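The form predicted alone is given below as one chain in structure tokens.
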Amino acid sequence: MSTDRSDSDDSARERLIDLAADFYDQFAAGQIPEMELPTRTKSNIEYDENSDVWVYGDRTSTRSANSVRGARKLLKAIYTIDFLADQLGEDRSSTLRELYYLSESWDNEEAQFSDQDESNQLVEDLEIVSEVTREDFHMRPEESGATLMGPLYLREQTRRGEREIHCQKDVGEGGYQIPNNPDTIEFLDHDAEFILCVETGGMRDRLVENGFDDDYGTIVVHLKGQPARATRRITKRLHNELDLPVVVFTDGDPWSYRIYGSVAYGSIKSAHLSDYLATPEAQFVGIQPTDIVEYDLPTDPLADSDINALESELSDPRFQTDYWREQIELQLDIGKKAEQQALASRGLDFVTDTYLPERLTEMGVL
């Protein structure tokens, strides 16, 4: 369900102020201020087999003012909390990049960020300890440009009020642009049968031009490579709230399999939000290594980095099924990878007339 913007803003602001108040209370009690966080290393990421997503383990680390380095980190946290609380109070927003540059104007040089990675990480820290997403802080990345197209009617809350949009009739060929915070959307009606998440813009355009969204009641979500958080969030909401199957359509290489993995199981970087972003029920439609062989697709040879990535995926909990072991071992054996657009070697309509209908029927989606 969509959230009420003002209530969400008030709650986020209150959580931030509570964090600052906790630091103050530690000072007042004669304690050295500190902030405890999950240890954010790969070794502290666990695959939760019950929920099928990545989560943080039990190990924690403490940011304490008992060292110069720790004191600087807490100082930067306080300045950032103050900025975010003011931003929410004024109903404004900013980008992660702007936060980095804004710190240059803060009156204490010790509070300024040395680079954007540092400010990005601090925002993630505040997400974890406050249990509020950066979207509810009104923080956004640079525009991802991800879109969807399909038989979906929704209501979107914007700064200029509400607007109702049909994601075919009321948009151009580019589709409906997914907002930074998809929780401001209310789904009103739909005629969709399933959601198809597509890695590349070229394939997304081919599907729309060929009318695949109309012919099969498909909500086509353009992942635009590694999907942004907003893209994964709206996909999860569409699945959960409209009870629609999700299938992921990518290139046939190890990096694209990880794109599927991030949609289905979450990513290590955003493990604290896996329940919010990941859709464990999502299925992989292709390009499969078996497709490369069966359709004799144009290919490129696997690079050493591809081989290393595939071998790593053989021990990755996200790919521990008979299906994935068979596909990965076959790809290592043939030494080839293929792009989605390689299906055009069979004709421009092959993907929409033959490949996807056959694969989706095999999978029980159609």
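All of these numbers come straight from a predicted model, not from anything done at the bench. Each residue number is its position in the shown sequence, starting from 1.
There is also a form predicted in complex with another copy of the chain; it is not shown, and the following applies to it.
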*Heavy atom contact within 4.5 Å of another copy of the chain in the predicted bound form, the stretch among 189-197, 282-290, 265-273, 175-183*: 175-183
*Answer yes or no: in the predicted bound form, does another copy of the chain come within 4.5 Å of a heavy atom in every one of 101, 141 and 208?*
yes
*So which of 213, 125, 253, 135 reaches within 4.5 angstroms of another copy of the chain in the predicted bound form, heavy atom to heavy atom?*
213
*asked:* Going by heavy atom distances of 4.5 angstroms or less, which of 119, 112, 130, 147 would be at the interface with another copy of the chain in the predicted bound form?
replied: 147
*Determine whether any heavy atom of residue 317 comes within 4.5 Å of a heavy atom of another copy of the chain in the predicted bound form, and answer yes or no.*
no
*Answer yes if any heavy atom of residue 349 is within 4.5 Å of a heavy atom of another copy of the chain in the predicted bound form; otherwise answer no.*
yes
_My question is simply whether residue 97 lines the interface with another copy of the chain in the predicted bound form - judged by any non-hydrogen atom within 4.5 Å._
yes
*Counting only non-hydrogen atoms and a 4.5 angstroms cut-off, does residue 344 reach another copy of the chain in the predicted bound form?*
yes
*Would you mind checking 288-311 for residues with a heavy atom within 4.5 Å of another copy of the chain in the predicted bound form?*
298
